[in-house]
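This document opens with one chain alone, in structure tokens, the form predicted alone.
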Amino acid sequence: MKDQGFGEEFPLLPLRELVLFPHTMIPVFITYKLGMLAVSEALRRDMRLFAACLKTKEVGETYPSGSVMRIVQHLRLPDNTFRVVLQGEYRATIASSVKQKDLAIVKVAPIMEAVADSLSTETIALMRTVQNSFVQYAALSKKVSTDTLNAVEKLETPEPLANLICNALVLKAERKIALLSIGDPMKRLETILETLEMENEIFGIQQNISAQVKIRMEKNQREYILNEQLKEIHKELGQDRGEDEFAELERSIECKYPRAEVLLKARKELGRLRKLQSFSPEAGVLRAYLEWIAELPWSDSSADVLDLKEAERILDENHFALRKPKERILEFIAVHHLMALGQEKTPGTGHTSKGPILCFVGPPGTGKTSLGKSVAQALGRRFVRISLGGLRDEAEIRGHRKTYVGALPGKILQVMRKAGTINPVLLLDEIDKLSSDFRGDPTSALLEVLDPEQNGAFTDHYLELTYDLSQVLFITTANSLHTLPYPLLDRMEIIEIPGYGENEKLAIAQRFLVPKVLAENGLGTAGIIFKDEAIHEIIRYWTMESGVRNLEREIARCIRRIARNALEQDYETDTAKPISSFEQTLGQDEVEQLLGRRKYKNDLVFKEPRIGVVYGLAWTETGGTVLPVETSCFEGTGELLITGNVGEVMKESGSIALSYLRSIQDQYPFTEELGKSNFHVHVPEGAIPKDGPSAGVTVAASLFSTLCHLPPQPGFAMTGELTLTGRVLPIGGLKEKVLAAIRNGMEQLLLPQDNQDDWAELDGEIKASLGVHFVETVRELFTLLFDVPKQAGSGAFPLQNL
């Protein structure tokens, strides 16, 4: 090794977070440009360079102290990077630096050491103390190799001993640079000894903390050792807190005044929670469970508004018509009021009123959901809503067991928490859209919810406690009841929400829809007026519905186009007029200009009579509709084919009609032989599913027209279920069917005799729009529709009356 002196020049090798010491050998990968340049320059010189640690991770300024290192081995990799093995020679500091392009050439000054021929007793004692402390450090840290430990124990000079120990210590770069920079061997050994003793003390404290934690922990809680260590560290620092963090949760549960069994269960779970570690999964489950108990209403209730006149005013103000639903709500309020008065006169009897289960059934857009909101407003109760459309998991109603990951209570308890009272108005919307799969049947879960005799002790799987739903006013809505199972249907009081006639739609549009849409489109203060003829135009030719939802959309289309035209005029004149100054009156012509081509023209209804074509009336989820039935006859064997996406019940009605006509074929002069002809019955709009027994008389009339080769009288529509003996049975959805007949321009109705009472309940304006004939047998229907005399086996056919 060359003599160590001032002024030696070396390429500078900057290192990231790595401090190299003399008397050590270490492999280093050089992957950055300045390092590769330094290694290349050292290889061209004498294989030596000066290694210094960078002050930051980025290549820039280095610490002034470092080590002169010799390249013992080097290997150039395919990507031009280097793998080198460096051996330290002596410590030095940078005296000056010269830049050669990107490479720095530095002059160094050795860090001088005191040299003595023999070591003093004090030096030897200090060295042995350092060696013993390092042995203890190696035993505690378990990161020192056996070769390094043996080498340290054999060294007898201060400089190699200090360098080897400093290189083995796991310290930050700043502390290693400080140990590298000390020139006096005794002072350097003393500093190393202080560092070793501090590290050994830290390791000892960590071991004591771990030992104390392990003693207290049970076998099944060993995974929480880190959390316990953290607690012990807080104790060592004097930051231990002893307050009970669950006292507030217990107080919040008690403030809700739950039943005794609920309070007992909550206290039991709180006791379990106090024994668990705060970060354990079970603790999180219990905390969420107790928070649900604390947030549910157990005794809080809102005071009912028991003012019949005020309730009637609110219902009339928010809804037009709907006489039966309003009467039922007012009856409930009256009974509730009487029971409250009885409780005042007889203290101690308790409140026994139970919320009814009402089911509003009707076509879309007839105001079922908004009626539920009005009921809550009239009673002064909170209103909450659950949409059941597409729900197919029973756990959505009853909740999951709290042992499942991410478990929650069912939707019933979720909305009860949202309501905050035990007597809200709870709307179960679209109950007929429930479904089921392998996860259970939600309709079965609703049996307990919607039973006034059982819902006082409703059980949710998550809560595992009974919850009182008896004071909740449940309102369900549906478009049709055909998909609901009978046990669920039996628990509800069915209230039909029928469709609206033209005059009812007109009143709803003028009173509710037009002001609402004007406000929503920023024209609430404008003087826009819809004439009655304009509303009638929209009803007849742009909507074909039982409700008023599409009517609202078309009115909104008119208003949006009016707003656009008004703004375009302002842009053209470059003047901005206030909204209140804008006025326009819309009539029939203006509506046609704004909405364009009419949507509906009643193409399926022929004005002229045709053989084999008759018109029935159907009731669907979207309201009533006219159902044309066409029949053609051709040579065959007496078979019947029915097309038009019809269901099994409707196919059976066709078979019954044909069988009945076979039984009376000798009583009417049929032009076709039933046994030698095939019949094809078609119901147009074949993509739309159709089913039900009420088309029986319609199919029979169509077949009769074809067999007799006679057209029916124009303007007639009919409905009724047919039996094999020719009786006409009653049907449902009369109002919707009558409104469909009016919309499609029918003039006469043929209805079952047993529906006469239903006809009497219709509004006078609806009954005045149509002529009605009630029939008890299909013979009477044939007589009215074809002017056939009611006589059996006459053989004569009075053609002059057709």
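We number the residues from 1 along the sequence you see. Every value quoted in this text rests on a predicted model; they were computed, and no experiment measured them.
The same protein has a further form, the form predicted in complex with ligand ADP, not shown here; the description that follows concerns it.
In the predicted complex, Pro258 stays away from ligand ADP, with no heavy atom inside 4.5 Å. By the criterion of a heavy atom within 4.5 Å, His461 is excluded from the residues contacting ligand ADP in the predicted complex. For the chain shown alone, Lys368 is a contact residue for ligand ADP in the predicted complex, at least one non-hydrogen atom being within 4.5 angstroms. Put simply, Asp307 is far from ligand ADP in the predicted complex: not one heavy atom of it is within 4.5 Å. Screening Asn318, Gln414, Gln377, Thr421 for any heavy atom within 4.5 Å of ligand ADP in the predicted complex leaves a single hit, Asn318. Here is the short version: of Glu592, Asp393, Glu552, Glu721, the single residue with a heavy atom within 4.5 Å of ligand ADP in the predicted complex is Glu552. With ligand ADP omitted here, the record of contacts in the predicted complex names 318 to 326 of 710 to 718, 318 to 326, 145 to 153, 261 to 269, defined by a heavy atom within 4.5 Å. Within 4.5 angstroms of ligand ADP in the predicted complex, the stretch 500 to 523 places a non-hydrogen atom from each of Tyr500, Ile508, Phe512, Leu513, Lys516, taken in sequence order.
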